[in-house]
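Next up: just one chain, as structure tokens, the form predicted on its own.
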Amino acid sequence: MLKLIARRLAVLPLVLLAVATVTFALTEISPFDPVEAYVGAESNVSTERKAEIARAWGFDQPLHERFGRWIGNIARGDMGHSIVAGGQPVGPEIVSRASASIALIGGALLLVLVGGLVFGVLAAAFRGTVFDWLVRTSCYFNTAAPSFWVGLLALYVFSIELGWLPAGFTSDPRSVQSASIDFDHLILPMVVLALTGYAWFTLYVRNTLLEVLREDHVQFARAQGIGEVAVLLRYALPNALIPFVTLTGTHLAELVGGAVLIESIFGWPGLGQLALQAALSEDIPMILGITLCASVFVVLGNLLADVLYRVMDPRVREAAA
């Protein structure tokens, strides 16, 4: 287990270097001009002044030199300065927004795991019934419905029409402690974000359970007179949960990506909303910084899933040894 963790952590810098290279290359071939974004499209800044700004930022240097300088600055903890943050350093701005995103994505992941597990098990247990049909139909609808449409619909129904939940933000804007996160403000964006991944997990658990229920050891347990509920929970479910853990790690990136739209719809001041603001403002340092931080989060999440996979299945540990 320690060897696995050491190998993954040793590869992490290479993964981040690859992500940084691809992201930097995409920003270079994009049609956006960071100097124009900095001075403003409607400003009367002269061409000479724009050239001075470009030289100060190193845009007059070759591509490989600019990339090497940027990587060197990141290694020292300097991600540059952000246009969106009013010229402030990128790193502290990302740190100040991270807690809101972690609360949103973590809560949504918990709902996905619990909801997908419960409804997947019940759909497998009542296979072929009306309940099974309703679960599968809701999953198909959820897969087809765009997340922004679901978010706007939930906002209209539960906030505007019914008035049950706040429309957005982490807390009441009139509150003195505006940086705090109120649970009632978290519920609606968390549930909508969870719905973006709920269908995959539910259908996966249902289909995996149905496959495990046809295996020999389960049939042997039934032949011994063990009840169907005990067979499902004691013999089938533990085997179905093993690949379920791996699926959690692979779909973590989807939740991180889905948070961009959800945070923008509900005004949630996290990294997703910050990333959208940076993209609209052509804030290249902020875009690069958020991309690297999201990559670290996804890699560590997959590492945690692999560790849990080996803890739950001794056969994997023996094969790895």
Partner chain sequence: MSAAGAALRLRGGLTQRLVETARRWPTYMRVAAGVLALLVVAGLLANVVAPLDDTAVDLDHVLEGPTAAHPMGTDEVGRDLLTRVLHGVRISLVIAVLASLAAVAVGALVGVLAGTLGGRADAVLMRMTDVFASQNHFLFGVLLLVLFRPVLGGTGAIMLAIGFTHWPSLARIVRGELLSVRERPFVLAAIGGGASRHRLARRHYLPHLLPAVGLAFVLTVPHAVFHESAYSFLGLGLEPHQASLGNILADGQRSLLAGGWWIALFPGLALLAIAMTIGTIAEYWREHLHPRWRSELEL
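Basically, rigid core = biggest C-alpha set you can superpose within 1.5 Å across the two forms. Numbering follows the first chain given and starts at 1. This one's a predicted model, so the numbers in the text were calculated from it and none came from an experiment.
One more form of this protein should be noted, the form predicted together with its partner chain, which is absent from this view; the next part is about it.
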Legend entry - One stretch from 83 to 91, 109 to 117, 151 to 159, 186 to 194 that, in the predicted complex, holds residues within 4.5 Å of its partner chain by heavy atom: 151 to 159
Legend entry - 4.5 angstroms heavy atom contact with its partner chain in the predicted complex for residue 144: yes
Legend entry - Contact label in the predicted complex: residue 51 to its partner chain, heavy atom within 4.5 Å: no
Inset, instruction - Please run the contact check for residue 10 against its partner chain in the predicted complex: heavy atoms, 4.5 angstroms, yes or no? - result: no
Inset, instruction - Using a 4.5 Å heavy atom cut-off, state whether residue 47 contacts its partner chain in the predicted complex. - result: no
Inset, instruction - Pull the contact list for 262 to 281: residues with a heavy atom within 4.5 Å of its partner chain in the predicted complex, in sequence order. - result: 264, 265, 275, 276, 279, 280
Legend entry - Rigid core superposed: residue 11 CA moves 2 Å or more between the shown form and the other one: no
Legend entry - Core-superposed C-alpha of residue 280 shifting 2 Å or more between the shown form and the other one: no
